[in-house]
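Form predicted on its own, single chain, as structure tokens, below.
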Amino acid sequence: MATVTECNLAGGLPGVIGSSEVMQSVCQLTRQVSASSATVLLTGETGTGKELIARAIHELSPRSSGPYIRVNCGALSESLLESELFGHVKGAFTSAHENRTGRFEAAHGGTIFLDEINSVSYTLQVKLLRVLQEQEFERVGDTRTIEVDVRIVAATNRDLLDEIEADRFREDLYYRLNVLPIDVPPLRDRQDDISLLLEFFAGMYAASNQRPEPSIPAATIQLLQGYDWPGNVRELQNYVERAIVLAPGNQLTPDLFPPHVVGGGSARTTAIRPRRGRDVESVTRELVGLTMQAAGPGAENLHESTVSRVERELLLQVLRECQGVQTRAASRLGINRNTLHKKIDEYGLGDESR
């Protein structure tokens, strides 16, 4: 069974598994940016491994001997997050019974990883901007300025340009964060790595559950490579753990995975998605063409209205899959963001897509 080191073919990043071309590019870029102290912005869908990249940046940097502090910005309210990041002094608010050191102060000399940076309130973004620009802040309820030497790595699963357009994110903060952007690809774009990930997770969960090391038949790998993995690596990890627990023998056979993953159950819903290199209009007209053929003679008058209906549903489905992130949806649909904006307005999809 492969270890992390043996599986780690993607440029030698600690903890990052993959040998696909796209992951090799990500790892090469990660190594390049690690040597500096510049701010890094990690983008990518939930479950793609952005935190692994953030930790690798720290461990490969000159700051590796310093602290690595992680903050999930989406898990706390505005007031709690402010206190968590910057600390507070005794009496600053009702429950402030003593002074508290914030995460920025604790990260002095090291790296702070701000996960789900898009969740930070507009008001608190002003304080973050100051830390980025001046490397200084005040604790909540205090007037004394604290200077810190901290490298910031931020991550988001949303398109911050869309958040700026919606007045939820400050444009000046975005440009301060987006010094060294790294986009972590979804698992569906690196399916050659699935066999390595399967092997690693199977070994890990077999050991933790005192089970024998399982073998993974080629049929299982092939079926899993055909699934779209909306939950990305995290979803694969969870299903491998489930398979290890349920396996009656020492093989991870397809029946140990959920039917919708291996394509054997009626619960599976297959997304209509353009293939690479094909835009939404060509896919829509192909689908409509098939519909018209099935409808037979006399269906010509239905063509344009059917095109509109099918295109609307396709746009809506992809927007929902991308959680309303228009840049990602436009890329998947094969159109630019301006065209997508126009189509969203044309079909009135703004509210529905979110």
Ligand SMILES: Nc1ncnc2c1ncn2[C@@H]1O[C@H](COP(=O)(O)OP(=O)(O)OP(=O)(O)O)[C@@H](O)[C@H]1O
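Treat the numbers as computed from the prediction; the structure is a model and nothing was measured. Don't overthink the numbering: it's just position in the shown sequence, from 1.
Beyond the structure shown, there is the form predicted together with this ligand, which is absent from this document and is the topic of what follows.
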Next item on the list: Have a look at Leu52, Val310, Val33, Cys322 for me and say which one sits with a heavy atom within 4.5 Å of this ligand in the predicted bound form.
Entry: Leu52
Next item on the list: Note which of Phe169, Phe200, Phe137, Tyr239 lies within 4.5 Å of this ligand in the predicted bound form, where distance is taken over heavy atoms; exactly one does.
Entry: Phe200
Notebook entry, point to check: Is the gap between Ala206 and this ligand in the predicted bound form 4.5 Å or less for some heavy atom pair?
Noted result: no
Next item on the list: May I ask you to check whether Val233 falls inside a 4.5 Å heavy atom distance of this ligand in the predicted bound form?
Entry: yes
Margin query: I'd like to know if Asn157 sits close to this ligand in the predicted bound form, meaning any non-hydrogen atom pair within 4.5 angstroms.
Written below: yes
Margin query: Although the partner isn't part of this model, could you tell me whether Val16 comes within 4.5 Å of this ligand in the predicted bound form, counting any heavy atom of the residue?
Written below: yes
Check: Which among 324 to 332, 44 to 52, 57 to 65, 311 to 319 is in contact with this ligand in the predicted bound form, heavy atoms within 4.5 angstroms?
Finding: 44 to 52
